[in-house]
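A single chain, nothing else alongside it, follows as structure tokens in the form predicted alone.
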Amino acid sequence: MFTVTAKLPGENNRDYSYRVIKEAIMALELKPGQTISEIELAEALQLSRTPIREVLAKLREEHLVEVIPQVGTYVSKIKPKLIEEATFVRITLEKEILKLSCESFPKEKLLQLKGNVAQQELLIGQQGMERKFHQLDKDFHYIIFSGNNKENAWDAINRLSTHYNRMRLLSEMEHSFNEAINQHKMFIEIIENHQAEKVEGIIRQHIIEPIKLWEDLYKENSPYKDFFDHTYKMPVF
């Protein structure tokens, strides 16, 4: 059904089930539109239904689960409207944080960025590494925000980006992430050489341009068409 990992030290049943179920949704192991049930989830995690019920309520608030009365509980389909909102916030904040980084950025954080990219490069040519790359990608951007003491701003982006990040992972499963790695190297170069004038360009390349590839995944002839809520059109920036 989905990957069930062991409890982390100090995790109670609620935190554990929340982490595992959300990871399964974000990794597309629990697919958009898929029916899920408290009983099956409880059995898979070997827990009672009480923490599962609480977790599903929380995931519903995060737009990852939908409950249709008298029908059932589903993993939320990917909603272009929520992608568009998350993209707007990310473009705005990433642009400003990169400009700040050009003014001043800790050397130890710069080394962390370079180490992160080195790990990304090790994934090139390997099959099934999309999830690993996706995590390293998120870690890369977190380092930039933390280097400016703006960790909470990155957390805010992540809270808004549940549909955006599922879409990114789906795209990375269909397309190479080599170009994203090259762009991460450009991020480092821009920060290291204080090239604030290049910020607009790299943000467009890294965040806006890839979205054009997403439209094919959304079309009627796509094998993933049922993953999406077609109430809204796929956004183009």
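Rigid core: the largest C-alpha set superposing within 1.5 Å between the two forms. Note that residue numbering follows the sequence shown and begins at 1. Note that the structure is a prediction, hence the values are computed from the model and not measured.
Keep in mind the form predicted together with another copy of the chain is missing from the figure; the text below concerns it.
- For the chain shown alone, R53 is a contact residue for another copy of the chain in the model of the complex, at least one non-hydrogen atom being within 4.5 angstroms.
- At a distance threshold of 4.5 angstroms between non-hydrogen atoms, E130 is out of contact with another copy of the chain in the model of the complex.
- Another copy of the chain in the model of the complex is approached by K150, whose closest heavy atom lies within 4.5 angstroms of it.
- The shortest heavy atom separation between K198 and another copy of the chain in the model of the complex exceeds 4.5 Å.
- Picking from 162-170, 133-141, 112-120, 85-93 the stretch near another copy of the chain in the model of the complex, with a 4.5 Å limit on heavy atoms, gives 85-93.
- Contact with another copy of the chain in the model of the complex, defined as a heavy atom within 4.5 Å, holds for exactly one of K212, K185, K58, H194, namely K58.
- Using a 4.5 Å cut-off to another copy of the chain in the model of the complex, not one of V65, I203 and H206 places a heavy atom inside that distance.
- For the partner-free chain shown, E96, I97, L100 of 95-112 come within 4.5 angstroms of another copy of the chain in the model of the complex, judged by any non-hydrogen atom.
- If you fit the rigid core between the shown form and the other one, you'll see the Cα of V67 move by 2 angstroms or more.
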